[in-house]
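First, one chain by itself in structure tokens, the form predicted alone.
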């Protein structure tokens, strides 16, 4: 009798385990079409938005697809819809495979649409779809998003998801574009006291771009030639209460990234005016490393708020165009002061623009003001937005040069 019970229990356990080992709910990779980029434009029809989907073929470039696949690596479709959630069903009347937002990497909105009051409502739909991650990036395009995806044709990256991954990661590391995820957008919107920066991009170059310093460009202004994709990521679009109100250059965006301790920026390369020459155009390259958080102090008592910001930075000297001996103490002091002065000027320019033009600061500086008040009611009465616009701001870069680079001797005169 005991043996019968044991056999029965084993048989019952096997029956219960069988569904766990099955593949009845498996979905093949080739059965789905993944939206890598989503474009949002203003529609001509009232109550509609113009939706563009950049769809990636998961088999192209994979082992399953093989090296000799003749299928296209991507497909782009554009149509009017009420929202981009239900638009997946509409797109399936054209696309044969089941459409998914699981691998959505970037949402591109046209500058025209970003300036309308209905944009924030359209983007809020992303909170309702479980497939859309809050780590998805938000970007603003100079042209219509539908045109942007069509013109964006990478030369080296066949797979579109890899292209956007590399471009965005490198841009954030260099500080020339902001880390503009959906999570940051909605958090800033929830606070209602600060501005939000979205990365700025375009696939259309300006006809006659002017030559500028290496980080002073906006997307579309870099005059590059050769066999290359014309898409550029540099600068940022400024949002206030979910609506675009202005733009920042690559240099201004980089300055914000250095001020913002919540970004992942670690080190960047930039040019600084050479203090050893009268030629104002001559500059030397430095590597700026940020290993410590900024120190912020405020005086919120009185008619005008005073804000003191100390920015600790470590610096490596990368070039020496004037061939100056950096081992001499007075030269070290001179170059250190020049770097500090350059960073101070950039920050003062940013805060002046923020106070006079943008009427807000594009990073969470308001967090530091909260600790000076006992209650939320006192903080609300303080009115951070109004107080910041009229505030006196003192910037103090704290520069520590850790490496002066290889000391070169002056080149010998050419033989006659």
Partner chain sequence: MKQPPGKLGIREFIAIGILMVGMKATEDTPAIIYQHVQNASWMIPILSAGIFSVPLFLLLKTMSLYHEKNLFAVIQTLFGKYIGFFVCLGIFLISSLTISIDTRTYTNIIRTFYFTTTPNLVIYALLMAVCAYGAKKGIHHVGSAAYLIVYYTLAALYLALLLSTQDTTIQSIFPILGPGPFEIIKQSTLKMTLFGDFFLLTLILPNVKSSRGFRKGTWIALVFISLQSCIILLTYICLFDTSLGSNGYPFHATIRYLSLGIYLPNIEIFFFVIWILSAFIRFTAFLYINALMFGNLFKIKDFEYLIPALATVYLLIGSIPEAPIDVSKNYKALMLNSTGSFYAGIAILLWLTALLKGEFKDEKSKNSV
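Numbering follows the first chain given and starts at 1. Since the structure is predicted, the reported quantities are computational estimates derived from the model, not experimental observations.
Another form, the form predicted together with the partner chain, is not on view; read the next lines as being about it.
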property: The partner chain contact at residue 165 in the predicted bound form, heavy atom, 4.5 Å; result: yes
property: Residue 130 within 4.5 Å of the partner chain in the predicted bound form, heavy atoms; result: yes
property: 4.5 angstroms heavy atom contact with the partner chain in the predicted bound form for residue 371; result: yes
property: Contact label in the predicted bound form: residue 183 to the partner chain, heavy atom within 4.5 Å; result: yes
property: Sole residue of 280, 153, 191, 72 within 4.5 Å of the partner chain in the predicted bound form, by heavy atom; result: 191
property: Stretch in contact, per heavy atom within 4.5 angstroms of the partner chain in the predicted bound form, of 272-280, 103-111, 340-348, 231-239; result: 103-111
property: Those residues of 259-282 which, in the predicted bound form, come within 4.5 Å of the partner chain by heavy atom; result: 262
